[in-house]
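A single chain, nothing else alongside it, follows as structure tokens in the form predicted alone.
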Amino acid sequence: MLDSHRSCPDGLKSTMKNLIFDRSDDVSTADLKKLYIATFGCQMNDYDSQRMAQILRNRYVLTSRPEEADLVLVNTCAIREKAENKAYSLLGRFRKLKKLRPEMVIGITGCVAQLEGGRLLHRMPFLDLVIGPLEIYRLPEILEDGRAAEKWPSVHTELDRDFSIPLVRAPLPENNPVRTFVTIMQGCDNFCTYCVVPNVRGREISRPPGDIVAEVEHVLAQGVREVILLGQNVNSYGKKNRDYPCFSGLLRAVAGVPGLERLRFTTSHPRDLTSDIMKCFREVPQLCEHLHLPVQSGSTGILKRMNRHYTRDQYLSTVDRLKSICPEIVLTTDLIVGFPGETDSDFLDTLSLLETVEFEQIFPFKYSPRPGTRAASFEDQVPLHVQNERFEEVLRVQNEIGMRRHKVLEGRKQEVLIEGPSRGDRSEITGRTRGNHVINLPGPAELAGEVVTVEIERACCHSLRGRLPGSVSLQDEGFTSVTNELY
């Protein structure tokens, strides 16, 4: 189980150096061991967990029960302290499983594994494996070598500057997936003062465009309708390789793959959002009118301390240009509250930016010092109680904005790609508009993967309620309020 607690040039030809994994046709699932994967953190970790399941499918079948697993992998995130602590807590519970079943192999992967390395073996001596993000593609080899030579525990945290994400040809772990991620690049060169990504995922490396197109073709053949291109800063794709297209060229190439219904991408750095990329929202029909554009702070002074390479005014100017090119664009963002040195005035600048831009949704975080980052050494750390107060105020302001924007959609009809049963009510279905609004509605599960017209009946802070035209409305059924929101 993946248990989660974003015209072709020559360069589009697939590179042969990349590995290809698949299960032999004569391998029966009855002959396989069991694998449990727990995932914490960002969409990149979701993608990595999916890859681990795919490359191990010759040896393991996924299970949702860690107590029966032969191999347990905890894929971790070091970007936020909260996610890191949750991973440690889960691993602590697995210590008991290891005592009951000493033959069980327990490994930690992801950013915490890369950051801490061998120190994790002192903290958690029951661990068998510590594997960094770039080493997960060697899992079959690592596991085989470990068993053959009894090399437990072992640590694998190399950061190879020449690393390239392999092309994996294996079925997706999820049955009948409607949407999926395709990573287009690895690492980051921005060195924001609060972020550990360059330390744990290495420097920026763009993936060969031919491999990207091949993977998109591969997932579409399995029924995927929506693809989200993924990277730490997708806007800078191809800048280090003259043989690769720029990101806008890649978008157009991927959009041309037959069978693709919808295309999205994340995450974008505002500094690198070019006019060519913006025009894609208007000129590429498959590209949805939704952009996640992290601002992090509304204060120019704080943005400078964060090393974000843009000012408040430059960010707002980028938003204005984007809206002029694509008036229907829906914007979401990330915010860090309580960054070192943030004054009341800085915080008010953030609140006013929220009101000015009117994001559809935000993902706010309270600042937490991360090992190895410059901001961790800043002396003017903001007290936790001040962070808490500001965080609550950000939520209050954004909830009002989000509800106001969602209210505008009431009574309108939207094209919705149905993804499957609703998380909050399995008797209902859920889907997304092109603007990435989550909609819950009554309907048959057989609609999964279909684009249907939905009438919006009720706005909630984080989702919408709708119905298929011709079906019974909430008012007809006597509903006066809706409490089932999907977060």
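Throughout, we count residues from 1 along the sequence that is shown. It should be emphasised that the depicted structure is a prediction, and the values quoted were computed from it without experimental measurement.
The next section is about a form of this same protein that is not shown, the form predicted together with a small molecule.
Within 4.5 Å of the small molecule in the predicted complex, a heavy atom is found for not a single one of H290, Q361 and R405.
Heavy atoms within 4.5 Å of the small molecule in the predicted complex are found in one stretch of 238-246, 329-337, 99-107, 207-215, which is 329-337.
A heavy atom within 4.5 Å of the small molecule in the predicted complex is found for one listed residue only; from K366, H156, R252, R262, this is K366. This chain is displayed alone, yet in the predicted complex one of Q296, Q414, Q398, S299 has a heavy atom within 4.5 Å of the small molecule; that residue is Q296.
For K304, no non-hydrogen atom is located within 4.5 Å of the small molecule in the predicted complex, even though that partner is not displayed. Proximity of I79 to the small molecule in the predicted complex: non-hydrogen atoms within 4.5 Å are present.
In the predicted complex, the small molecule sits within 4.5 Å of a heavy atom of R370. The small molecule in the predicted complex comes within 4.5 Å of no heavy atom belonging to F94.
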